[in-house]
Structure formats: C-alpha cells, structure tokens
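Shown here is one chain on its own, the form predicted alone, set out as structure tokens.
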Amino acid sequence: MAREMPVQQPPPVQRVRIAYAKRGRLRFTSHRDFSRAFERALVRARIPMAFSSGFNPHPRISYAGAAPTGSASEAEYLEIGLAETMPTDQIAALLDESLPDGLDIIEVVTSAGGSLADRLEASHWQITMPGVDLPRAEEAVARFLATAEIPVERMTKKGMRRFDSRAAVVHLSARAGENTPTHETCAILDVVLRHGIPSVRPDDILAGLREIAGLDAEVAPVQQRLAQGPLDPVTGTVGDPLSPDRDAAVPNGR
C-alpha cells in the first residue's frame, strides 16, 4: 500500500526577527537547550506558528549565529514564521513572559526579507579576566597583534582542528576592569571577530594569548557578546542587523 503524501503546509503570512539575550547563569545554556526552551515558550505564549511540510512538520524557526555555551550575550538572533499576523510588541511581551529569567527578549521586528544570517558578519566581545593586571594584558595584546599567524587547536564535531586565531581579529585592546572582593586586579579585553569558517571564538583568542604571551587568568574569564551584525571595514565596528527591517517598516525610512 502506497504511503499517503503529507499535507502541504501554507507558507508563513508573517516572518519576524527576534533579538534576545543570554544572561547570568543562563549563559551556560547550550544551543540545543535554548531551542527546546524557546519552542516550549512559543507553545505557552500561543504564538500562531507556521509549520514546515513533510511527514514530520516542525515550527518554522531559523537560528543564526548562536553564542558558544558558557558565553553571555546581548546579541542573539533568530527568525520565526507565523500562520497569522501579530503585532511585534505583543509577540515580544508574550515570549518574554514565557521564557525563564536570563533568556530575555530584547526586540521583535517584522522581516523585510533577505538573509538574516548574511548580515551577521562579525561580533564584538568583552572578555573579563579577574586577577590579570592591565600592563600584563596590554603587553600580551601587543604581542598578539604583532604576530602574523597564531595557530590554536580546538576539539570540534569533526575532531581536533588546528587553525589561525589571528586572522579573524579585526580589533583587540585591553582596559582596566573593576576590582572584586577576591581579586585586586582585573583586565577586560575588547575583541571584534570577523565571522568565517572555521569560526574563531573568544576562547580561541584566549588560547592564542596564552600561546604567544603566556597570558592566563587566575579564574575562568567571563565572555560576553555585546554586538553581532554587519562589519564596518573602515571603523572595525559592528552594526545593528535589524536596522534594515526597522527602516522598511517606516515609510521612506523615517
């Protein structure tokens, strides 16, 4: 007996792009754990999701540029397709109420089309290193930037990979951080990383600094993504990937 063809689902009537943050202890949430939490939140919030066609329909969700597990972030993005139109402010309020504290909705906008992933060209990271004084951090940064190539190794799904951690660095600088009750010194690294294959992460930069200058923190550094979006090649800064969607929602971009 021939297997019946699955019912074809209608295309989404609205696509929205969502900016969210991973804060506090929730920075240890893996991408898989977040996706499960987000799908449960969609159900609790009764968001009218569009579904894919096929024998195993799933909600139309596209994730883009997720931060590594253990990293906090103020700039995570995803896109969903809806079966009914909804005001974006209502979607934001319902989802924020349905997600656990620490996974926080920042903004929801209607998609203007095009690829969201293609706009995520670079990330701005802040790495806090307790127990490291500023002169030592500045010396390590100078040696890193003066070196043409800094190979590091990292275990990936395809096994151990060796790649250059220097090539992806658009900007790297050090500044003093606030002292804590347990550490009298603290350095903060500001890093802008160009996205590519393989993807270079903040821990790869730390491995490169350790390799080239012996820089290491007394406790695990705290990594936080401050921005993710288009890269300005002149200034080396990271822009807002949702700006084109906001501009399209306002007549003449005003």
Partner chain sequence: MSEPASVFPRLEPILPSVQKPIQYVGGELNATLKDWGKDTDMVRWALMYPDAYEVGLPNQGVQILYEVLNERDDALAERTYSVWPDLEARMREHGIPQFTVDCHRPVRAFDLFGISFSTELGYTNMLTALDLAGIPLHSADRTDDDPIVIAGGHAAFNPEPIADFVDAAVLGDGEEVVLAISSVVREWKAEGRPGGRVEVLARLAASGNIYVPAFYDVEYAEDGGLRAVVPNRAEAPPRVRKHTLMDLDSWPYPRKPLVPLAETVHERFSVEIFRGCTRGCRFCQAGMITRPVRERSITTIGDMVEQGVRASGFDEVGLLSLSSADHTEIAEVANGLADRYQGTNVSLSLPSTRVDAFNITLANEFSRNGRRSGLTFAPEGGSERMRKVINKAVTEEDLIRTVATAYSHGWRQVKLYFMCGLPTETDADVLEIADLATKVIAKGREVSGHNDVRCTVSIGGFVPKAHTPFQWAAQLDAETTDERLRQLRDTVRADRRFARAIGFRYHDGKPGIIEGLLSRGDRRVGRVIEEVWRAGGRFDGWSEHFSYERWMNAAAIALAGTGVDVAWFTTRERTYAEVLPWDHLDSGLDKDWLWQDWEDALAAADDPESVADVEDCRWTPCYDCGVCPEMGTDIQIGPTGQTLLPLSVV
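As the structure is a computational prediction, the values presented were derived from the model and not from experiment. Residue numbers count along the first chain shown, from 1.
This protein has a second form, the form predicted together with the partner chain, left out of what is shown; the following refers to that one.
In the predicted bound form, the partner chain sits within 4.5 Å of a heavy atom of residue 103. Among residues of the shown chain, residue 217 is not one whose heavy atoms approach the partner chain to within 4.5 Å in the predicted bound form. Put simply, residue 29 is close to the partner chain in the predicted bound form: some heavy atom of it is within 4.5 Å. Contact between residue 188 and the partner chain in the predicted bound form is not found at the 4.5 Å heavy atom cutoff. Stretch 44 to 52 is the contacting one of 209 to 217, 44 to 52, 224 to 232, 190 to 198, since its residues have non-hydrogen atoms within 4.5 Å of the partner chain in the predicted bound form. The three residues 88, 115 and 171 each lack any heavy atom within 4.5 Å of the partner chain in the predicted bound form.
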